[in-house]
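Taking the form predicted alone, here's one chain by itself in structure tokens.
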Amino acid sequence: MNASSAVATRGASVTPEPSGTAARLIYRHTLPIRIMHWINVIALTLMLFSGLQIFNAHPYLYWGNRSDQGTAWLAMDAHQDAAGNLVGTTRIGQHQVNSTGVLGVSKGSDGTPVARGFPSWLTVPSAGWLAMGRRWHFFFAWVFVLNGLCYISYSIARRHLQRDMWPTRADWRGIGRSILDHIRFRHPHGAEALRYNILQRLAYLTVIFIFGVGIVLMGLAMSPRMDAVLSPLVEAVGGRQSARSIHFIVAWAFVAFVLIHVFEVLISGVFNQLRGMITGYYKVDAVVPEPVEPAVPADPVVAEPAPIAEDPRHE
């Protein structure tokens, strides 16, 4: 029999029904973690959209320090065909595709095709306003940095990073099983669902310390004002144009992570996952043991008295 439980206190559960599977609510995510999570959602979203607005000012990417014409490894171009229609193309290396309507050429505010790297519905602000796009981008970039520093400090102080995210030896030994479970869309239940598996731990650590740190450093490396401070870093990645390319690639790596994360939320119980990140409470299933029938006491056995041995001295 399935039974639902009322909201439980942190780490505690409500007394379930005597048999079957009962549901209990666990206080899983603390308030600071939830606040920082949603700040990140807002900051990353607006950083992406405003970053694409900045990219539209020059929709080409290069390696090295120079941006010579014809040397871009990524190019979003617009040209007219024989009939005079505006055609958008996207080229990566030597491979080029027609991307009219989305990349290179998309509809403007009046519905007519205009030359734009990314469409207006994907940029903030939607109009071709480079200065305002930079302001939005830099403001939310600092929100992202400060929020990230708060998250790392809080996680270390509360041992969330060491306890819940750093892989253990048992995690490494079970990585094969974890991969198979993800391929088969098998998700843990009960108390096991409260623990990050090895793939989740590696993904979160990669996003925080590689993607997060990398995108900030590459953003700073693109700034001419940071040449004196970060010149060794700029040289290490091959130049300012290389830093811009890496910044762009990591930004889309963030997008890929978010899409996978959202997909996992959808298939593992979207309502339960959202409730956990909004209220802090997450529902898990707990197996309740079957009641044991009391044993019927047996009739008492009266032991016969042991025979009395004769004293040999009386012989």
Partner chain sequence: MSDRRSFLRMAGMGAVGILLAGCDRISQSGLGTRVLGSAEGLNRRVQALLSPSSAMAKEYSEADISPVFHPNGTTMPGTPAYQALMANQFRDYKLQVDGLVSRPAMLSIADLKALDDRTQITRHDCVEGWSAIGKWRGTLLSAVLDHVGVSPQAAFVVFHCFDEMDVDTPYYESVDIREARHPQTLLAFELNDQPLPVPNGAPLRLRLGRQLGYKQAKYISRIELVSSFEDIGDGKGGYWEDQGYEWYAGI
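Source: prediction; values computed, not measured. Residue numbers count along the first chain shown, from 1.
Absent from the display: the form predicted in complex with its partner chain. The rest refers to it.
Asks: Does at least one non-hydrogen atom of P224 fall within 4.5 angstroms of its partner chain in the predicted bound form?
Replies: Yes, P224 lies within 4.5 Å of its partner chain in the predicted bound form.
Asks: I'd like to know whether I249 contacts its partner chain in the predicted bound form, with contact meaning heavy atoms within 4.5 angstroms.
Replies: I249: no contact with its partner chain in the predicted bound form.
Asks: Quick one: is F118 in contact with its partner chain in the predicted bound form, heavy atoms, 4.5 Å cut-off?
Replies: Outside the cut-off, so no.
Asks: I54: heavy atom within 4.5 Å of its partner chain in the predicted bound form?
Replies: The answer is yes: I54 has a heavy atom within 4.5 Å of its partner chain.
Asks: Go through Y196, F211, Y154, F138 and name the one with a heavy atom inside 4.5 Å of its partner chain in the predicted bound form.
Replies: That would be F138.
Asks: Would you mind picking the one in I92, I183, V229, A191 that has a heavy atom within 4.5 Å of its partner chain in the predicted bound form?
Replies: Only one listed residue qualifies here, and that residue is V229.
Asks: Within 4.5 Å of its partner chain in the predicted bound form, do we find a heavy atom from each of L44, R158 and V207?
Replies: Not a single listed residue reaches its partner chain in the predicted bound form, so no.
Asks: Where, among 173 to 181, 138 to 146, 158 to 166, 75 to 83, do residues come within 4.5 Å of its partner chain in the predicted bound form by heavy atom distance?
Replies: Contact-bearing stretch, as computed: 138 to 146.
Asks: Who in 46 to 66 is close to its partner chain in the predicted bound form, meaning a heavy atom within 4.5 Å?
Replies: L46, F49, I54, A57, H58, N65, R66 sit within 4.5 Å of the partner.
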